[in-house]
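Read the single chain below, which is given as structure tokens and is the form predicted alone.
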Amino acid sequence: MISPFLRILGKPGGYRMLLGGLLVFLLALVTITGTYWTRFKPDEMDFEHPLVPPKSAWLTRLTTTADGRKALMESHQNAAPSTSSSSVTEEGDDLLGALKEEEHPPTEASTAKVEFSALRDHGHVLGTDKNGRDMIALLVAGARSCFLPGLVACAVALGIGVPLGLFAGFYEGRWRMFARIFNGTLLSMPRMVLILVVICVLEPNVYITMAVLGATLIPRVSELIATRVRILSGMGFILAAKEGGLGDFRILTRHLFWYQNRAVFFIQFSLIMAESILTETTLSYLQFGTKPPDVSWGNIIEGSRLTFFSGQYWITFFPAVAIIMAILGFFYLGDGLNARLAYREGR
């Protein structure tokens, strides 16, 4: 059971495929099942705990500076309603409290430590943003906004680029001329400028934006597939398949695509997903992508500018880590598949 798994890891690209596949699996799992296990909804505001740090002390120290903790405590003290000093208590408790205060007078540091630890006593594990929204719920909703539009970009780029590359590499004449003109036209358009033009002309929609991104990636996919198919078309197994009476469609789909180019397909899928996540978060940060109240990792970071510069940067920290892990997951998966493909072809 374990030996085949270890044998796969021992080959080139095995560890990168494992790490990338694990990160991609976690991203897909959070996207699909996140709404079932999160305690809060992304649009649910907790007015009782606006802008509170993560619940764990080590996360608070990691994502908040000393000045940020002090400013956060002062802001909550000013926002909290003043309580009356005259409370009805038992006489014995008052006397015991007075004796304890005389014996161990509280220092300013201990008082601040107790007040800040009380500030962390809430149900938000990773804290909240300035509107009182739970960070875990925001991260789950942001994963959905990055993963699903990335699938649209892959569908457009691979759904058009792969057939175009197969036909341009297998056939000569008009198909190759059409592919050359089509790819040259798309490559002559700056990608970001084209995306911004589409956003200005049409109603801003993240799925339309990712479809445009996928269209700009068609030349890369089709040229890669066409080059490999052009080389493979003159080999003996393709000539034997033609002599055996197999049709062009079967040769293209089975022999040239599935047997020879499926690894290239999955490599391009992983790289396009990584590029689409980076593009979507960048556009959302620049307020050209996902618009509030919809949540994206990019607009979470965009909305945390004030808290970041005041030393309370957990709102920026967690989405940034999520973006890096998602991009690295798809990149490692594609890089491992590429190393595995090169090993098989070299062998």
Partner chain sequence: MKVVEEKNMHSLLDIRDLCISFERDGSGEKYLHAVNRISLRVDPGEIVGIIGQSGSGKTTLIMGILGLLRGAVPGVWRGEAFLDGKSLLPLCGEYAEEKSGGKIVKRNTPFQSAQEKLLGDLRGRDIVTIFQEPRAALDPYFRVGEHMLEALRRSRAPGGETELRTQGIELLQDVGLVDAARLWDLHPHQISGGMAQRVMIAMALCARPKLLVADEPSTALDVTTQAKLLELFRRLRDKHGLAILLISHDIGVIQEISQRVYVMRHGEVVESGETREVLENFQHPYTGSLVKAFAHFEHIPATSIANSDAVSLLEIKSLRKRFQQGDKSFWALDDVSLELREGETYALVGESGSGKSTLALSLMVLQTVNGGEVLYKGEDVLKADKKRMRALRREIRMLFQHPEAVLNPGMTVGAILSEGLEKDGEFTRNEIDQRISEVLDQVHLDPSHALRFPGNLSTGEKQRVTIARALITRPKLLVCDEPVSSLDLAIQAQIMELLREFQGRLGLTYLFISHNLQLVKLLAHRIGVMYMGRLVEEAPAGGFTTEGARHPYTRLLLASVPSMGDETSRSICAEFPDVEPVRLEGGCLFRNRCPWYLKSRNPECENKTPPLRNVLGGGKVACHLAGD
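Numbering follows the first chain given and starts at 1. Owing to the predicted nature of the structure, the values given are computational and were not obtained by experimental measurement.
Only in words, not in the display: the form predicted together with the partner chain, which the text now covers.
The stretch in contact with the partner chain in the predicted bound form, judged by heavy atoms within 4.5 Å, is 234-242, chosen from 153-161, 127-135, 140-148, 234-242. Among residues of the shown chain, His255 is one whose heavy atoms approach the partner chain to within 4.5 Å in the predicted bound form. Among heavy atoms of Tyr207, none comes within 4.5 Å of the partner chain in the predicted bound form. Contact check for Gln260: a non-hydrogen atom falls within 4.5 Å of the partner chain in the predicted bound form. At the 4.5 Å threshold, heavy atoms of Arg250 reach the partner chain in the predicted bound form.
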